[in-house]
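Next up: a single chain in structure tokens, the form predicted alone.
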Amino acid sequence: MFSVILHVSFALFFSPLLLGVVAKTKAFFAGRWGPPLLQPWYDIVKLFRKGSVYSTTTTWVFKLTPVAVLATALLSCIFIPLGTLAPPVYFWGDALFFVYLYGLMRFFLIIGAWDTGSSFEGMGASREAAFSCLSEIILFMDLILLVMVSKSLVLCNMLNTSFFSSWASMGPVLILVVISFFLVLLVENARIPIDDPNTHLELTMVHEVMVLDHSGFDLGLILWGSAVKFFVLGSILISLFIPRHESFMAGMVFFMVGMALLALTVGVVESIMARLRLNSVPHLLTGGFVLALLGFIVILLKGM
């Protein structure tokens, strides 16, 4: 139980800081000083101090959505290693359970948007569902590749010490996994070039439009859950690069530096790229699937 609390607390505390690094990076490229690194924390605390406003058309589904978003994000973090912190829970096939947790999160976001009775939020929900169908295919292909490399369907075994040594023999495959998984990270977290989390232009909003009617404490839960989701998916990506260390402090330092570099990379991508047109997003996601499929073919050829 203590390890679960430690894992969840670690993700809750550090996840908003990554969004602060992204914002700082974007401000640097724009020639501005930008908000402080703790600004996401300030926003969450400010929202927690406010009350929530509910439309008369909404039901308990709308009120349950923020809780479900944060709960599923926190539940997903206990299946992955965080630096030298071993996952407190693991079982055969937990990689599939991990994926469907985020499917459950998306399900609540979509039905919560529908529950408002707004055609505008329904439009955003339909876009979210369409893009997620493509991103989930890429995610499953990446997991298949990791299973074939690690010979295990347990998520923590896919990211253990011996897996890092697989770069020597499976380098090209893992590069394809990293690129396609990074694309999944951008899609799942509504980042540029897929979506812009800071936009309020009606015709281009995807994820943000689904949470427009949430306010106060509920909106704070959603923002915190989104930050944890970014942190968890980023942890998986970083775990493919960094080896495990016997020293607890050295392992955690390497992990946190890697997470900061990942947030910096996301900020650079959002600074040098423009948001794609909606009809171009499927083309990009198809390209990510082709990369993962190419990695699958390479593994098959190496095994022949």
Partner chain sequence: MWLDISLVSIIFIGLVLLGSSRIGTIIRLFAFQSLILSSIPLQVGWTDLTWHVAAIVLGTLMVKVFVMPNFLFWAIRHVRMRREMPAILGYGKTMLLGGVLVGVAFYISSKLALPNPYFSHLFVPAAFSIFAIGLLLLVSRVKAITQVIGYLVMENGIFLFSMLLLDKTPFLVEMGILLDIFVAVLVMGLVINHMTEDYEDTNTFNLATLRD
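Numbering follows the first chain given and starts at 1. Quick caveat, the model's predicted, so the values are computed rather than measured.
In what follows, reference is made to the form predicted together with its partner chain, a form of this protein that is not presented.
Q: Taking any heavy atom pair closer than or equal to 4.5 Å as contact, tell me whether F14 reaches its partner chain in the model of the complex.
A: Contact check for F14: no, nothing within 4.5 Å of its partner chain in the model of the complex.
Q: Just to confirm, L6 within 4.5 Å of its partner chain in the model of the complex by heavy atoms?
A: L6: no, not in contact with its partner chain in the model of the complex.
Q: Just checking whether I179 would be counted as a contact of its partner chain in the model of the complex - the rule being heavy atoms within 4.5 angstroms.
A: Yes, I179 lies within 4.5 Å of its partner chain in the model of the complex.
Q: With the partner left out of view, is A86 within 4.5 angstroms of its partner chain in the model of the complex by any non-hydrogen atom?
A: Close contact is absent here: in the model of the complex, A86 is far from its partner chain, nothing within 4.5 Å, heavy atoms only.
Q: Should the three residues I175, T286 and K302 be counted as contacting its partner chain in the model of the complex, with contact defined as a heavy atom within 4.5 Å for each?
A: Heavy-atom distance to its partner chain in the model of the complex: all three under 4.5 Å.
Q: What are the residues of 284-300, in order along the chain, with a heavy atom within 4.5 Å of its partner chain in the model of the complex?
A: Counting only heavy atoms within 4.5 Å of its partner chain in the model of the complex, the contacting residues of 284-300 are T286, G287, F289, V290, L291, L293, L294, I297, V298.
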